[in-house]
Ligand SMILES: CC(=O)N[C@@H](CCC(=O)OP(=O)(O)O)C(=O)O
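Okay, here we've got a single chain as structure tokens, the form predicted alone, with questions on binding and movement later.
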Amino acid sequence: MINSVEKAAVLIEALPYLQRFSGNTVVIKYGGNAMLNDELKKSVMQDIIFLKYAGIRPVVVHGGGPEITGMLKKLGKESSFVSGLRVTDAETVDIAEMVLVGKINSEIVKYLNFLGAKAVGLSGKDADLIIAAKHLAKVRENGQVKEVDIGFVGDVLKLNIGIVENFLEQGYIPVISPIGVGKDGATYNINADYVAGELAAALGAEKLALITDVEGIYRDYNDKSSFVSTLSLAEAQEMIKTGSIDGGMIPKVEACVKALAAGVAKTHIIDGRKPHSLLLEIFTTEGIGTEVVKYRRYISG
């Protein structure tokens, strides 16, 4: 059991990070198994509350893929995916909106408020926060890339971040569902990683943290010794191009690339299966998961 001296050492280690990040915005994409396991869910909520009371301005973007899949199965609909994105017909996007906005978002807000924060739930439809355009998935076949229509899946065309900034100024934690509206009035389900990356860029966030179900990035996923703790923007882009990064990891890395290109200082892909992984990444020297930075010479922290 950790003694008082060790507890003090942990707090002292966190001090320079508290000094550096106080007053800054951190965008957190909350997803994966950490949304399904009650203990991990509690851990993430506590981490977000800690950030808030440490003077940091957290913005939460949540996913909900497993719960959407579960609801679709209950209703007799099978899910299929292309390049890590769900193929979404009109019925599926309605179900996704119901799960994301009506269930998951309200539960996160309730939990954060119960723990003492002031949280507010937003859909991308609120105040036209997320204007979406149809996303065409890119599929690599025989060395060639082709585009595939996967239905009501969107890209972020435009963000109207005024509503988010207003809530941040008033001391709220915005919790955002990745549902957008097209210029044609259609509803689009948008990958939460992409929404988080775009929001981090638009808000001028200090950090983007993507909570997922793996340790981070591997150069070869079958070789656990090939784990990468720090990856430059150029290396990340090359690994996507060569197929070393594929499937559901593509949106995460592309979100990091978008945020970094817009001036976000640092991005993280974090293993949400480990308790308090968010605090460990932000407030300790060693960190956890994979950090994606613009240049490798970026000083850790």
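In case it trips you up, residue 1 is the first one in the sequence shown, and so on. Since this is a predicted model, take the numbers as computed values, not measurements.
The protein also exists as the form predicted together with the ligand; that form is not presented, and the subsequent description refers to it.
Contact with the ligand, judged by heavy atoms within 4.5 Å in the predicted bound form, is confined among 110-118, 186-194, 167-175, 123-131 to 186-194. Although the partner is absent here, G263 sits far enough away that none of its heavy atoms falls within 4.5 Å of the ligand in the predicted bound form.
I68 belongs to the set of residues with a heavy atom inside 4.5 Å of the ligand in the predicted bound form. Interface residue remark: L203 is not counted as part of the site for the ligand in the predicted bound form, having no heavy atom within 4.5 Å.
The ligand is not shown here, but in the predicted bound form it comes within 4.5 Å of a heavy atom of N33.
Residues K29, L100 and V153 are all found to lie within 4.5 Å of the ligand in the predicted bound form, as judged by heavy atom distances.
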